[in-house]
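Presented as structure tokens, the chain that follows is alone, the form predicted alone.
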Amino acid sequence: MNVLFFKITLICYFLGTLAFLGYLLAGKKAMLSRFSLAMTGVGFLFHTAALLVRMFEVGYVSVTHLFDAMAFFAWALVLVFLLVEYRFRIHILGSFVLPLALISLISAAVLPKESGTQDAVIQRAWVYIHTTLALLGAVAFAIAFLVGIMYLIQERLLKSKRFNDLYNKLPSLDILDDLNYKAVILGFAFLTLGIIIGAWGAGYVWGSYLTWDPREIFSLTIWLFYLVVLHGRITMGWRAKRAAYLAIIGFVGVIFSFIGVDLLWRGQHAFM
């Protein structure tokens, strides 16, 4: 049943992505707008059902394995879009969010789905809290990344004086810059809490707050990067195009920490 729900989710997100891209590139098509949102909503319901069934199949909430982490990341990313769409009606954000969620799910589909048996460490609640906070931070940084791309597109259209349908669909530069800033703050807060809880748990279980695991090193590097970004925005007025580029660069690091480290190194750190 979990596989069936997962496949239906992929189909819905795929159709929604096509509709969103059509809405992005075509004129203001109300039918495409409604269809893309409908597919996203239906896909999200099946996505939620797939995660719940997955939880009952393995007997516990799993976010510490790469397959489950990427599935949760995609789910949370779509949830954020639906909340933003409901609150602010920034429909075009779905043209950027849903393709990323679809890519994440397709990538998860090729990964092993067996979670194995919980060991004594994974059974501890702090592991789930630490990993979930880190994933929520990655979702916020993903939103900052996507909004940064939207900012650069809008800035380019404005600079070239191409006031076309795409220009009218995109929010203003000030709104995009503000969304970028808020997403980075939220992501930094989640990541900070995740690191603190992870360090506390590592000290309790392994007797050391820092084990020099590759994921820990890259997570700290990302934390320092966004700390510099926030410091620059607050004290030196880093905004606009520079902030957009930094959000893009930062998310590349997040992706590497999220997936690349797990594929290149195997340590005691989740994901497993």
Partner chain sequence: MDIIVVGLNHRTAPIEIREKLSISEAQLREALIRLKAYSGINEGLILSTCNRVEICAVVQQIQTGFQQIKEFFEDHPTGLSSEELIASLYLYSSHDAIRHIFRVASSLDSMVVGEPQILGQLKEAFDLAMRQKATGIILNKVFRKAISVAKRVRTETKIAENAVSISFAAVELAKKIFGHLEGKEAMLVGAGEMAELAVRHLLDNGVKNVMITTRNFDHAIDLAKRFHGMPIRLEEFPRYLAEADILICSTGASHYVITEYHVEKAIQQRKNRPIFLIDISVPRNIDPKVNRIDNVFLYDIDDLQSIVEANLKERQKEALKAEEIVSEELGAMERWFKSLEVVPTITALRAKAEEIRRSELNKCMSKLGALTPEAREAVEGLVAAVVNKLLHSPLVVLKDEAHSSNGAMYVEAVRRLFNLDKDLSPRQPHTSEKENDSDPGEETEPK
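Positions refer to the first chain, counted from 1. Since the model is a prediction, treat every value here as computed from it, not as a measurement.
Same protein, other form: the form predicted in complex with its partner chain, not shown, and the subject of what follows.
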query	finding
Contact label in the predicted bound form: residue 154 to its partner chain, heavy atom within 4.5 Å	yes
Close approach of residue 241 to its partner chain in the predicted bound form, 4.5 Å, heavy atom	yes
Partner contact for residue 79 in the predicted bound form: its partner chain, 4.5 angstroms, heavy atom	no
Contact test in the predicted bound form: residue 174 vs its partner chain, heavy atoms, 4.5 Å	yes
Sole residue of 179, 170, 138, 146 within 4.5 Å of its partner chain in the predicted bound form, by heavy atom	170
Heavy atom within 4.5 Å of its partner chain in the predicted bound form - the one residue of 196, 158, 103, 83 that qualifies	158
Answer range among 84-92, 186-194, 69-77, 159-167 for contact with its partner chain, defined in the predicted bound form as heavy atoms within 4.5 Å	159-167
